[in-house]
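Listed next as structure tokens is one chain, alone, in the form predicted alone.
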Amino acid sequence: MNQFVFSNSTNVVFTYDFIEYIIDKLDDLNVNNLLLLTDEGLSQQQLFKDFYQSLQNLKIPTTLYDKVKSDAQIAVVEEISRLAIANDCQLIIAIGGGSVIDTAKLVNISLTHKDTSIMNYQGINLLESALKPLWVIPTTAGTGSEVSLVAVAKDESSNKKIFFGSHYLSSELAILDPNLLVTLPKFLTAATGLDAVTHAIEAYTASNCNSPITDALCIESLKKLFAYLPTACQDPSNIEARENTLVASTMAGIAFSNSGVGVVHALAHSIGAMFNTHHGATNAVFLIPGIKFNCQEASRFYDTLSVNVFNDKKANHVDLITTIDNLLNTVQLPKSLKSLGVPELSKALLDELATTALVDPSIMFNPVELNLDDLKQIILTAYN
């Protein structure tokens, strides 16, 4: 067994009534100013309106920002940070998908340090002290951002994803309420679900970073996702499917925060920043090509994962690939970059995408070392 360190500093609460839980908790605290973050689509839903009204009833001064983009952006983070600092907010509550939660994490850095230049903190382990309290309520089952130690945001000026990572970046509290997922459209259910599948697979196969604890989280997460994601897509109001995919996503989020991810995420970050493709859907496109490439040298990791997930001593990486392929067909996600809307790639653009992926922090945990030619090969394989 490898030496390992496992951590999870986020308190995770599973409930069927997040509003009641938060209002009860706020009643016990002395909070003078609150920052509430979400996106425009969610802010128009009745459940959010009920939540906001409940906050108003507590008479806690609340600053609402409901224009977070579908992809976390540096410019938006800095805009919100100026607002939060001006209003001296003491607690951030974020309700939404991964982009909303990642945005909240980065705003928390600026708010705590009273520094609106978030780029001053990009990189890994640059934070030296705890941040202000952050409570998050995920409305998708996929990103794991509610429990992860990282945040990613797009820098529009360079068309690149900027990576932030620190143990201080994680939320204080993550509230899981499956009722928030029943209105999630089929595409987002499928795409975020495949993001979670990718987290679990890449965390399990991460190079020298996994542990018996992360392995168990990955295996159980994949069992739940393979079993319940198709139902969540086909029957959105099925609470059993929603609660299982939501918990599975959080489990995979805890796992990859301890183990890391790999080449699939590195390539998805590169492609997503350049072409604004959905992160989960882009992971889905690269997942099988990434596994096939890694299996040329590290098939034993995927074989062992398959044995445990399928409870079959004869199972191997081929069974895993087949299951993923069938899942993609069932949930009707694109299976190529071309079908995802990525234009034909010139040699110069292919070089740029591969170069960006090669320096992405995710790639350092891949079980196989890659070079530029390897990355170009995977991109081309995933294109058609």
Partner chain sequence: MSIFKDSQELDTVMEQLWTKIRQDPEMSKPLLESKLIVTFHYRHPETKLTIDCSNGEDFHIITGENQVKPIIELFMKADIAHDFWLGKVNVPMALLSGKIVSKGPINKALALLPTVKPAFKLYPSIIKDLNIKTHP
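Residue numbers count along the first chain shown, from 1. Just so you know, these numbers come straight off a predicted model, no measurement behind them.
The form predicted together with its partner chain is left out here; the points below concern that form.
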**Request:** Using heavy atoms only and a 4.5 Å cut-off, decide whether all three of Phe4, Leu126 and Asn258 touch its partner chain in the predicted bound form.
**Result:** yes
**Asked** Picking from 118 to 126, 172 to 180, 262 to 270, 93 to 101, which part of the chain touches its partner chain in the predicted bound form when contact means heavy atoms within 4.5 Å?
**Response** 118 to 126
**Asked** in the predicted bound form, does Glu369 have a heavy atom within 4.5 Å of its partner chain?
**Response** yes
**Item:** Val359 within 4.5 Å of its partner chain in the predicted bound form, heavy atoms
**Value:** yes
**Message:** Please determine whether His167 contacts its partner chain in the predicted bound form, using a 4.5 Å cut-off between heavy atoms.
**Reply:** yes
**Prompt:** Is Phe365 a contact residue for its partner chain in the predicted bound form, using a 4.5 Å heavy atom cut-off?
**Reply:** yes
**Asked** its partner chain isn't shown here, but in the predicted bound form which of Leu188, Val309, Val76, Cys209 has a heavy atom within 4.5 Å of it?
**Response** Cys209
